[in-house]
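Given next, in structure tokens, is a single chain: the form predicted alone.
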Amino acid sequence: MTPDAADAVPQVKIFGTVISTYTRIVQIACEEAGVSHAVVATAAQSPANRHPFGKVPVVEVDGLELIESVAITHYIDNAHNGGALQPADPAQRAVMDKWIAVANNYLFPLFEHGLVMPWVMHRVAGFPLERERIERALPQVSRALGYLEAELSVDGAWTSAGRFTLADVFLYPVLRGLELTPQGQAGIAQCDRLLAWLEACRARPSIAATRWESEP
């Protein structure tokens, strides 16, 4: 193998669906760390998927095979980025971890099942739009957006560290997916701080470099 070919081998292989919230989360972490990476298109329920519970992504990095985006992003940031995406202060780090948990345990399931997937199945697969499912989710989505708007600081930070952290890495793709639905876009447009935070994230090179093909 020539030196040029060796340089072309990605440091991180991400096995997951190409248009995926959690694949993008790992991609953003790689971009922030300056680590070369490539997505190997792998459906969650494919026999080729090595995740024991049928989730994505699975990642190969530094001779390790890792699952679960929290573990993956922390490893990439710690091993290749000097922990730059994590506050040193224990209290600030706890707040960051809280937001990662909120994104994973509450926001993603609500947004994904209530709005994102009904629109994806309608737009991409041509299925009838599940309007009743969307209507049932809207009050909870509205409450979630209100909570986020109230908790986001005036200067657009999720922790008192006041800088881009893993909390932003997890929250951005979750909220961007919601924003790409008509109801999600309308809801976010009413949240001044949240909208400003999304715009600030979009200006970040790691976010721009990982845009979904479906994004306008």
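Numbering starts at 1 and runs along the sequence shown. The model shown is predicted, which means the values in this text are computed figures rather than measured ones.
From this point on, the text means the form predicted together with a small molecule, which you will not see here.
Trainee: Hey, in the predicted bound form, does F108 get a heavy atom within 4.5 angstroms of the small molecule?
Mentor: Looking in the predicted bound form, residue contacts with the small molecule include F108, since a heavy atom lies within 4.5 Å.
Trainee: Is A44 near the small molecule? Define near as a heavy atom within 4.5 Å, in the predicted bound form.
Mentor: Heavy-atom contact with the small molecule at 4.5 Å: present for A44.
Trainee: Would E179 show up as a contact with the small molecule in the predicted bound form if we use heavy atoms at 4.5 Å?
Mentor: Heavy-atom contact with the small molecule at 4.5 Å: absent for E179.
Trainee: Is there a non-hydrogen atom of Q27 within 4.5 angstroms of a non-hydrogen atom of the small molecule in the predicted bound form?
Mentor: Result no; Q27 lies far from the small molecule in the predicted bound form.
Trainee: Picking from 182 to 190, 29 to 37, 154 to 162, 63 to 71, which part of the chain touches the small molecule in the predicted bound form when contact means heavy atoms within 4.5 Å?
Mentor: Correct option: 63 to 71.
Trainee: Considering L148, V56, A167, L175, which brings a non-hydrogen atom within 4.5 Å of the small molecule in the predicted bound form?
Mentor: Contact check passes for V56.
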